[in-house]
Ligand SMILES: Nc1ncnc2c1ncn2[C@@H]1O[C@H](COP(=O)(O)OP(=O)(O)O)[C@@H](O)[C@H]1O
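Next up: a single chain in structure tokens, the form predicted alone.
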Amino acid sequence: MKSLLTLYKRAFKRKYLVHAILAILFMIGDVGIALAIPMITKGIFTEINSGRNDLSYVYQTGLLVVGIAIGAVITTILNNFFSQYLSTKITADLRSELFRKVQDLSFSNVDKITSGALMTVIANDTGQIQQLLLMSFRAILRNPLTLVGALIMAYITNADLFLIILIAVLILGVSIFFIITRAARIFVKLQEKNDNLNEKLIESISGAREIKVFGSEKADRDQFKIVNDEYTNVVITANKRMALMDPIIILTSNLAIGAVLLTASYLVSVYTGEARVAMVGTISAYISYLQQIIMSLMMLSMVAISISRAAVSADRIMLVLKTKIDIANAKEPQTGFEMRGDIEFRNVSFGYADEEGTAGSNTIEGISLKIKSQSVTGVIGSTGSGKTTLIQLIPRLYDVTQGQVLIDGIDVRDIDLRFLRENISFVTQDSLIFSGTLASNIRQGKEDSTEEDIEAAAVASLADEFAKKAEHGYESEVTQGGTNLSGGQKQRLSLARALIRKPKILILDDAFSAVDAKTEEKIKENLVKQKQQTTIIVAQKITSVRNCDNIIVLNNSGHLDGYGSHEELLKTSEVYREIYVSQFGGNHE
């Protein structure tokens, strides 16, 4: 609940304070009008029942009621407008804040929270907060005021009938409290199951191609059915807990109205004079106030449900906002120096943390080596040997568990994070292409790039070969995810995006997996000719790295098995020889 209050206080910050005050004032005006109308109509019934045949009072009061009703419409509209504005703007700002936070999170932060939970927080949990904020200025504040006001007005109208309303309120209050407290625990589990559902959807949609290729649609449907059934069962359980709400409210309401009519009938026989004449109007007013009280209690029960769900959402939102980013700048980071691109791994070990943040067994261990500036270095090893893990430590996508990664003799943890990453380009096997044009995708590497810069990067990556053949050249449309491009075209486009930055360090993580050998060789020749960056090529095939200045070889346990040229490693590295034999059959070509 503390998290929810923290988020709710945003409505009363200076930016929104005027709108919040106006929403509350118009809501109070609306409540006041709603409480006044039954008392006014009571006077009309009393005048009609008096037998004085003076209809002028009835007409005048009737016109007053119409005027008040119009005023109620206006206050309601204005209250709704300011409430909608507040809830929408506050939630939009909250989503933006969450998005900025997610961008700042390290990979290990994301691993711990999970991508599915982050999606749910930004897309669903903020919606829960928006709904609660909207309700707070339309219902949460309105209903307690209406409840208290209706109780006071009912007592003023007729103290003899007031006991009926008190009993009804007591029965409803206890029943609603009992139901809500039992249901609140279910909503926590509901959010967890919703996370699982989102994670499964993300997994299935992102892996749709692999699922179809391997014909595993049935297995994927079965897995989704399990997750979907778990979510559905929790929803059904929550609905069962809430199923008694409406029947109890309706039953209590009808019994209370019946009790008012029976008691009023008795009082008519007891009262005399004006009190007896006024009883018809009193009954009308009492039933109106009773309905307002019951409606307020019913809305408060719905509010309680929303609060319980929003409280869970608020906790999750604050968890993200308060997550300590474990990869951040040092107090006085180094920046602005001319980076050469010399890289050193000094006794580096790293292990991925579990969900509790505890480091597990090391993926790579005791790595020590140096990479010269403007050299081309290959990285090879069997699957799971830690090749990608090793290179992710250079731009600080993760931080070392032990040891140091140094660039130009400076620990990367002492270099300004933005400056560090501005000087490093990273191309992965799974090329991420955005909707737009070929040019806009390349320009993402450097927003202020010229047409000449774009063409130069495209030539170096051989992306110009298909760009020039496209209908509109570099301005040809690209669909989201690059679905109208081949795998090789996407990889070349990603490489162009990396090269346009003219990075000091270029990391290619299996970035040639979708291009043919001839194209790969041409691209690598272009990179060598440039001699403007330190290049690291991670690959599965020896043909991709054999001409590199040096090659890093990792064994299955994440240790360094060898470091040197192709010829040297054939003599000194057992792992390299095994890979060579498996790919070339022992022929030393």
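Quick note: we count residues from 1 along the sequence shown, nothing fancier. Computed from a prediction, not measured in an experiment: that's the story for all the values here.
Another form exists, predicted together with the named molecule; not displayed. Remarks below refer to it.
Contact with the named molecule in the predicted bound form, judged as any non-hydrogen atom within 4.5 angstroms, is confined among 324-332, 385-393, 473-481, 194-202 to 385-393. Listed residues F162, Y85, Y398, Y231 were compared with the named molecule in the predicted bound form; Y398 is the one with a heavy atom within 4.5 Å. Comment: the named molecule is not present in this chain, but in the predicted bound form one of T252, S306, S449, T363 has a heavy atom within 4.5 Å of it, namely T363. The shortest heavy atom separation between D111 and the named molecule in the predicted bound form is within 4.5 Å.
Put simply, F224 is far from the named molecule in the predicted bound form: not one heavy atom of it is within 4.5 Å. Although the partner is absent here, Y352 is a contact residue: one of its heavy atoms lies within 4.5 angstroms of the named molecule in the predicted bound form.
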